[in-house]
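Taking the form predicted on its own, here's one chain by itself in structure tokens.
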């Protein structure tokens, strides 16, 4: 059985590179430990662990044990270090206050939880020789170390957490569906070499993910009634779908001049003539045929000069509500 672990520090929402490690561990391992590396108080962020758990749940990454917090295992680390000492080959194992350093805590945890494979980014390669010596000093067999490439910025340098879309939380806030983020990370797999962050690819995946969502799910995520779903299908992200929902359900006030009256009067006639058999696309074709001002119609119905397909707006609005907005605009 492949026993793996994902061990983030509680420093806030996951960097996409750390999320890649989480996905890679879950895909590779038969059993996954979630460990929280919180032995360095200076790096810990209030609420950081909660943000990480939210990110993992959002990405549909489940673990088999944990979260195990290193801060709750300090006695075990001191016990393990006793026969070795506070230092090993020049590497500090215990700080002056008796707390364990990353190297000691990480190796002791891997021993105690029977970790067979350590899958992590290339930035951890320098730790491998030190940790291998520490495993030997503790009389334990080291796991197999597998290092994958890092996700870099467009400039080929380390991707800053402040860069657009660099954290799972920021992608969620931007309305990128979890399915798109997970698919992007799954596509990267275990890259042998560093890769540049392809945010445009991720945004294309977002469009595909929204298109693939069942009607009920898309309506729920956009906060929309089911009948609005056709108007949401072209959204590039969930924020745009939510904005479309607001545009239809909560129109901006619109006051049109008399030049719009012929179009809106004709629209009213066509809507009344439909008598429950409305064909929004056909209705718009008829309006175009008589030189109707579709921009004025959009403004009357939504208060905005751009947005979702106009036919989808007409299909989504109850007849009486559409007529009320037409009257109000005039």
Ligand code: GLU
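Since the structure is predicted, the reported quantities are computational estimates derived from the model, not experimental observations. Residue numbers count along the first chain shown, from 1.
Just so you know, the form predicted together with the ligand exists too; it's not on screen, but the next bit is about it.
- Distance check, residue 102 to the ligand in the predicted complex, heavy atom within 4.5 Å: Residue 102 belongs to the contact set for the ligand.
- Query: According to a 4.5 angstroms non-hydrogen atom cut-off, is residue 13 in contact with the ligand in the predicted complex?
  - Reply: Residue 13: no, not in contact with the ligand in the predicted complex.
- Message: At 4.5 Å between heavy atoms, is residue 7 in contact with the ligand in the predicted complex?
- Response: Yes, residue 7 sits close enough to the ligand in the predicted complex that at least one of its heavy atoms falls within 4.5 Å.
- Task: Decide whether residue 37 counts as a contact residue for the ligand in the predicted complex under a heavy atom distance cut-off of 4.5 Å.
- Result: Flag for residue 37 set to yes.
- Item | Residue (of 78, 201, 183, 124) lying close to the ligand in the predicted complex, criterion heavy atoms within 4.5 Å | Answer to the contact question: 124.
- Want to guess which of 116 to 124, 83 to 91, 165 to 173, 246 to 254 is within 4.5 Å of the ligand in the predicted complex, heavy atoms only? In the other structure, the partner sits against 116 to 124.
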